[in-house]
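Only one chain comes next, encoded as structure tokens, the form predicted on its own.
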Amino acid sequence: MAMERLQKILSASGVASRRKCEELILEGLVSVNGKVLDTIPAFADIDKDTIIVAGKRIKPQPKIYFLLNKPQGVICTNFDPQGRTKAIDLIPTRQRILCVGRLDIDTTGLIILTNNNELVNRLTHPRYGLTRTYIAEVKGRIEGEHVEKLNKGIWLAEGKTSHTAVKILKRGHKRSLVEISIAERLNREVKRMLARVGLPVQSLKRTRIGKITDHGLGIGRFRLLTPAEVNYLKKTTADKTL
């Protein structure tokens, strides 16, 4: 492994968030090969250098990747002052893992959790355009004009939504089911775009992340991503080495 920014190494090793690791460096709590480094930028090679944080040596951690079918009432954050159940609480690991993106507390479905911080950063960046697929139950009858508007993109406060693939699953006078595939860029994008065309969302479930599906994974259950799935995600961000 080549030289990397020290705070990036510490964060990837599960010490803390990257910002908190920067604070640890500036406080003089980090040494590399016996020398305290208290300025930024600072660099190291975790495979060659001896890195000590507050008296504890940092070693590379194996990368782990989980797929969780998130239930309602579970939040996608690593800290919650209200003490609500977090997605990370459903995964039995001692390693510090993060959610790749977020699902609302009342939205169910697939979310990836990993300790590969670089993969988290890249898969949540709009430039990679990884498509997510949702099934939404909406209030009212969905018509062709709704689909046309959604496909063309909806203007929200932050900008226009990206290309959307819409498939009507069930059409009724009081409720309809619709499948939406979109490369998300904006917060709560699916709910907001449906509300904008007059179809308030009653329930929302994410069923697919790129090519990775919820097939065989019950609500509240998790599994490890397969090597093929991990490689697929890395290829999605193949412009740089992960």
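Predicted, not measured: the structure shown is a model, and the values here were computed from it. One-based numbering along the sequence shown.
Omitted from view is the form predicted in complex with ligand URA, to which the following refers.
The candidate spot formed by 122, 232 and 235 is out of contact with ligand URA in the model of the complex: none of the three has a heavy atom within 4.5 Å.
Listed stretches are 56-64, 209-217, 184-192, 30-38; the contact stretch with ligand URA in the model of the complex is 184-192, by a heavy atom cutoff of 4.5 Å. Looking at residue 99, you'd find every heavy atom of it more than 4.5 angstroms from ligand URA in the model of the complex. Using a 4.5 angstroms threshold between heavy atoms, residue 104 counts as touching ligand URA in the model of the complex. Interface membership of residue 46, defined by any non-hydrogen atom within 4.5 Å of ligand URA in the model of the complex, is ruled out. Contact between residue 68 and ligand URA in the model of the complex is not found at the 4.5 Å heavy atom cutoff.
Residue 204 is the only one of 204, 180, 51, 199 with a heavy atom lying within 4.5 Å of ligand URA in the model of the complex. Of the residues in 109-136, only 134 comes within 4.5 Å of ligand URA in the model of the complex through at least one heavy atom.
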